[in-house]
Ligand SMILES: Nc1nc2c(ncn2[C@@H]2O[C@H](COP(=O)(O)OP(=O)(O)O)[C@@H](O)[C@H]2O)c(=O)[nH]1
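Consider the single chain below, provided in structure tokens and representing the form predicted on its own.
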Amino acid sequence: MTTPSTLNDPAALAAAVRRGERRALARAITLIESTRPDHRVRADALLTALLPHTGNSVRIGISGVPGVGKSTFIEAFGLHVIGRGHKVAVLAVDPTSQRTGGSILGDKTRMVDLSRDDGAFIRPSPAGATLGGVARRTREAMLICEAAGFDVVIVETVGVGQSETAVADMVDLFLLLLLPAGGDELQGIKKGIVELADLVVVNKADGDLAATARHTVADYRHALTLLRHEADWRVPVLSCSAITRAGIDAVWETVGEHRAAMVAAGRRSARRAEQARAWLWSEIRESLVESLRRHPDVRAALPDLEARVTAGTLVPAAAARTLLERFLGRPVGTVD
């Protein structure tokens, strides 16, 4: 049973997570999301203990514009997958206010039935300053959920448009959810998020939109033939209704087909290895920026340099070079 002392001991917390204790799971994710230096030390110890018990889940990233029905789709999809004997974890990333730094974190209220199911775990997290539609610690949260026994992990991105690409670097399958539309909407297929999708699903294929959805599916199937994709996987375009649950079973079947194709081609392990490498460099970049901001010489010089840059009396590149030199304690060499 989880006790207050257990929550403060990484080894004991890891054991509680492995037993599937919900309080321990929530506490573990809170710990890895903390920015306190002492918490980061404990978080690293926790993840090291859990790492051998991770990697066995199906990782699915889901993105789409606001209003496409991501939460409704995830609830219907999650309940369907649980009905097939799986355990589903949903890591939902909410947008963070640039003014107040706050987030609503209301995903559980939009997935009421799924949140009540014993086979599901829903964790909303603020995006913070991290770009790409995900939170900085989403990858680590995925590992914790896997160690807790969840064999399907879904990452729901913020959903703000073509920039939602970071999730593709941390999942096995990237699912793009679309609204029934046509014509000019297809212009967005040329570059960006559609090229990264492993599966395209047109939601809200019901009622008056059913016919429009069929046309959208046909249009995207044709348009996707113009894009380059892996030889061992041709991106399917499906339709569904998250409200009526029609077509949800086909989406899950396609997820299984994609997994089988990737394993057969040897690409699943290669993809995860490359994702681990990308994770390493992402962490290096963000940690370096944090360290730079905390450096006393940088903090002392930053207000004046920022004021001069905003006033237009100093070039940003020169200000950045000055700060880097203060951080490194030596001149910054030029790049040819």
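All figures in this text were calculated on a predicted structure; none of them were measured in a lab. Heads up: residue numbers just count along the shown sequence, starting at 1.
If you look for the form predicted in complex with this ligand, you will not find it shown, but the lines that follow are about it.
- Only one listed stretch (112 to 120, 200 to 208, 143 to 151, 79 to 87) carries heavy atoms within 4.5 Å of this ligand in the predicted complex, and that stretch is 200 to 208.
- Within this chain, V58 is remote from the site of this ligand in the predicted complex, having no heavy atom within 4.5 Å.
- Contact annotation: I243 falls within 4.5 Å of this ligand in the predicted complex, judged by heavy atom distances.
- Although the partner is absent from this view, T72 contacts this ligand in the predicted complex, with a non-hydrogen atom inside 4.5 angstroms.
- Interface residue remark: P296 is not counted as part of the site for this ligand in the predicted complex, having no heavy atom within 4.5 Å.
- Residue V68 is the only one of L31, L302, L47, V68 with a heavy atom lying within 4.5 Å of this ligand in the predicted complex.
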